[in-house]
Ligand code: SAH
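Heads up, the chain below is alone and in the form predicted on its own; it's given as C-alpha cells.
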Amino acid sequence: MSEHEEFLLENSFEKFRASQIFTHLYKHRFQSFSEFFLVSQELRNFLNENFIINSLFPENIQYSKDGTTKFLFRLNDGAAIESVLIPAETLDEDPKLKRLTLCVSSQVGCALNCSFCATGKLGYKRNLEPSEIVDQVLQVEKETQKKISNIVFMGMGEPLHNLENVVKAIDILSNSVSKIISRKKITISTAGIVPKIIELADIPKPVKLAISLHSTTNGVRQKIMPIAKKWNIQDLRKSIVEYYRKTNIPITYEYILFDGLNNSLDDAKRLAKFSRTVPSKVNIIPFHDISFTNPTGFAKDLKPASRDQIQKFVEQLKHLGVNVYVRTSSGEDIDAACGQLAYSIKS
C-alpha cells in the first residue's frame, strides 16, 4: 500500500482515491481541487483545506541569445532554485528527432563546494521535496508550451544527497498514468557519492548515471572537489563497475577542462583508460565564469582551457578510442551554463 493510500484511509477516505488524485494532478494537470471531477465533493473540500497544488512559482525567466531559458523558481517557504531549459538539438542518429533538455535542481544550494561551481558558494539550505522536483518540469512545460524530451539532474544540489526524494520524483515523472517522460530519458549526475551510487543501482528500473569526474588523479580531484577526500578515485571506479554490472547502462563522464591542471597528454591517457572500465562516453565541458560569486583561494585561480587546448585534448581522446563529445556553453550569457547556477540575474 502506498503512503498516499494509507493517508487517505487514516482520514476516512477510500484508498483507490489516491490513483484518481494522481490522475488529476499529473495527467490532467489541474490547477484547482475544484476541477477534480473523479472524487467526491467531500474529498475535494478536504484537499483544498489541507493542501496546495503548486509547490513553486516562476519568479524570473531569462532568455539567452542561443535559445537557452533559465527559470528562477520561488518555493512556498521563500527559498529559491533555478532550472535551465536547453534548446532542442537534432540528434545525430536521427535528424528527425530533436532533444529538449531540462536541467532540474534537487536541493536548495549545495554542500559540496566544488571549486568550479557557483551553486556550492551558496552553501546547503535543504533538500527539495518530490513535488518541488516534479513541479519544475510541469511549470516549464506550462510556461513554454513545449514537451520536454530529456531530464538531467544537473542543476542545483547533489542529487544523491537527496536520493529518496529524487527517486520518488522519477517514479512520478515516469509513471504510466502521468506519461511525463520515459525513465530512459532521465540522467542523474553525481560528484561521486560512492555508497549512494551503489544504492541507486538497486532501484527498480534504474536511470542513466553521469559522473562529475574532472580528473583521474586523487591529488587534483581533491583540490577541485572536496568530496573526493572522502571517496577516492579507486573507490569511485569500484562503484561505477558495480553500477554497470547491476544495470547494464553505460556511464557518462563529465570532464571540465582547466588550463594547466587536467589537460595534458598524460591526463588524456589516464581518462581514456578510466573510461574503458565500463562502456561509457565522455562529455568535455568548458569551464564557465563564476566570478560573480567572488570565489577565493584555489577556485579564484582556475582558468578555462582554450579552444585550441580543448580541440587537441578531444583529438587525443578520439585517437585513444574514447567516445567523446564537446558540450556547448548553452546559456553562458545569462549565467545558465554548467556550474553557473547561483541566482544571478542579467537583463
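Counting begins at 1, following the sequence as shown. The shown structure was predicted, so the numbers you read here are calculated from the model rather than taken from an experiment.
There is another form of the same protein, the form predicted together with S-adenosyl-L-homocysteine; it is not shown, and what comes next is about it.
No residue in the set 25, 33 and 138 has a non-hydrogen atom no more than 4.5 Å from S-adenosyl-L-homocysteine in the model of the complex. For residue 288, a non-hydrogen atom is located within 4.5 Å of S-adenosyl-L-homocysteine in the model of the complex, even though that partner is not displayed. Taking the partner from the other structure, S-adenosyl-L-homocysteine in the model of the complex has a heavy atom within 4.5 Å of a heavy atom of residue 254.
At the 4.5 Å threshold, heavy atoms of residue 275 stay clear of S-adenosyl-L-homocysteine in the model of the complex, well away from it.
In the model of the complex, S-adenosyl-L-homocysteine lies farther than 4.5 Å from every heavy atom of residue 263.
Contact annotation: of the candidates 189, 239, 150, 216, the single residue with a non-hydrogen atom within 4.5 angstroms of S-adenosyl-L-homocysteine in the model of the complex is 189. This chain is displayed alone, yet in the model of the complex one of 73, 244, 231, 116 has a heavy atom within 4.5 Å of S-adenosyl-L-homocysteine; that residue is 116.
Residues placing heavy atoms within 4.5 Å of S-adenosyl-L-homocysteine in the model of the complex fall in a single listed stretch, namely 254-262, out of 75-83, 179-187, 254-262, 139-147. Within 4.5 angstroms of S-adenosyl-L-homocysteine in the model of the complex, the stretch 34-63 places no non-hydrogen atom at all.
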